[in-house]
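Below you will find one chain, with nothing else, as structure tokens; this is the form predicted on its own, and questions on how it binds or moves follow later.
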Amino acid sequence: MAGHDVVESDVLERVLGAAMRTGGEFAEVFIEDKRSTSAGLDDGRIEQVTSGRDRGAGIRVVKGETTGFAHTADLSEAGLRSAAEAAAAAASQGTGGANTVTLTRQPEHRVSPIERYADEVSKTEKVSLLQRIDEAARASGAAVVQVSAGYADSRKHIMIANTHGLLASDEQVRQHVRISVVANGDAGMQTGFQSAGHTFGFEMFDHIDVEELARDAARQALVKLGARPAPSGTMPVVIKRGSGGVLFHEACGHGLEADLIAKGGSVYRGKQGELVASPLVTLVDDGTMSGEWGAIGIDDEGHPSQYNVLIEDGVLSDYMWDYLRARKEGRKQSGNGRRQSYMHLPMVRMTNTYVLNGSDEPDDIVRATDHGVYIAQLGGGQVNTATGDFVFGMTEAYLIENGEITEPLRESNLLGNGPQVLRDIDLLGNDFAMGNPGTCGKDGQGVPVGDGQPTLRVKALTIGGTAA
């Protein structure tokens, strides 16, 4: 699939010409050919091994403020023309005329080299990963009563052609494994979770020890059997490296997407050049981060992925941009135009969003905290981008007493405000790590994203615990 055009460039030129015939200002064809495999294990049994293939094209035509969009699974020239004409009709009822488009192929912009494609690996080898996970988790302790695991891989080839003459392509390869463990004890059922995902080939499993991941998921569940109720109230919170990136993704990243800025749906509107965070904080969005879950060669509009500094030394430096928002504001695209599939329009989305290293030793951050909470893993959360208010689950957390991490805490919620958290970071570690792979949902579309940060302290956050 790599290196082979799904549709010939001369066909794309004619289709784009047809898309512009009714007076459009811009037209684009997005073509996708994706193969994927997944397997699941539950209670020691392999539940299903499925393979799928999705092929199709999405065509959009822009005229003024109006975008027409149509998609088709028919990649013949006639099928593409039909979709182009439907998109053009939706964008415009203009008078027509001839439009000639000449495409210039962009050089491939690979960020993650692939050694071994998963579609060349036997199903037996994939299933054995899940069996090894199950055995390692169950061997961690007699209290482990349930293990479920999942494996998934995908290999996607995309092509983008547009009326600016761009012709670009990319191959995106992903492997993912997840593990969920349930332990049972006097405190009832407790769960542990771990996952790993990268934009590498099957060689990912030469570098990631799935048994170690399984043991860590089991350890989480077993530790929580002896957990005490979390305290409630406002206190300092130390967040372990790699585990708090999701907070920055949700509570800050979405508010820096140019479409939310334009709608007035972000607390960061009009704040460029202002101090919006602690001077310790530099926040970046980086699609070029080789191997990471959100890494892409090009975005879904054909623009090369970039390293974008969003906040530098606490000062808001820029937002993230797609084609339409950049065009309207006279800005440059930032490689953040992404879509779930050929059936979706692109919009501004993050890739890998993370906080750069500070200078503090992580142990010193804990020692400097007399009383508080240490979060080893954050769970899912919700954020109101207009206000920045958020709530996250704490799936693994401990009490900090007299500068030491002590007892494990039962699951509870972390509440706060994104802009306030950025300002309240008063210690920042030198131990940067990326966290678990994620799927970011926005307007009904999900795309793969990564996030990360070094160990850090927020001087005041609210814990919604139940301890008196």
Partner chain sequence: MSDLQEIADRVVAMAQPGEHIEAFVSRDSETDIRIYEGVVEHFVAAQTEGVGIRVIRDGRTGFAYAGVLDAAAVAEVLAEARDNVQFGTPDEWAGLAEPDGVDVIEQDLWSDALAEFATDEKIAIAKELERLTLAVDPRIRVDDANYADAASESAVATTTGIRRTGRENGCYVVVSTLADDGDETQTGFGFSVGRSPADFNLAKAATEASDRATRLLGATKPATKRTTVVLDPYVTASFLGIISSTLNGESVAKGRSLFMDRLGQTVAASIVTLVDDPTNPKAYTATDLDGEGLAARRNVLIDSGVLQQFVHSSYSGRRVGAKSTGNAIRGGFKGTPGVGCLALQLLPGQRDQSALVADVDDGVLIQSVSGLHSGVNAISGDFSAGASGLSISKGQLGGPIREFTIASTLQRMLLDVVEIGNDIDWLPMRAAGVSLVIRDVTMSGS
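Everything quoted here is computed from the prediction, not taken from an experiment. Positions refer to the first chain, counted from 1.
Although it is not shown, the form predicted together with its partner chain is what the next lines describe.
Site annotation in the predicted bound form: the residue of L428, I405, I31, A70 reaching within 4.5 Å of its partner chain with a heavy atom is A70. Taking H164, R269, K332, R105 one by one, only a single residue has any non-hydrogen atom within 4.5 Å of its partner chain in the predicted bound form, and it is R269. For a residue to qualify, one of its non-hydrogen atoms must sit within 4.5 Å of its partner chain in the predicted bound form; all three of T124, T191 and R410 qualify. None of 363-371, 295-303, 387-395, 112-120 except one has non-hydrogen atoms within 4.5 angstroms of its partner chain in the predicted bound form; the exception is 387-395. Its partner chain in the predicted bound form comes within 4.5 Å of no heavy atom belonging to G435. Its partner chain is not shown here, and in the predicted bound form it never comes within 4.5 Å of any heavy atom of A143. Within 4.5 Å of some heavy atom of its partner chain in the predicted bound form lies at least one heavy atom of S148. The closest non-hydrogen atom of G441 lies beyond 4.5 Å of its partner chain in the predicted bound form. Interface residues of 34-53, taken as those with a heavy atom within 4.5 Å of its partner chain in the predicted bound form (partner not displayed): R35, S36, D42, D43, R45, I46, E47, Q48, V49, T50, S51, G52, R53, in sequence order.
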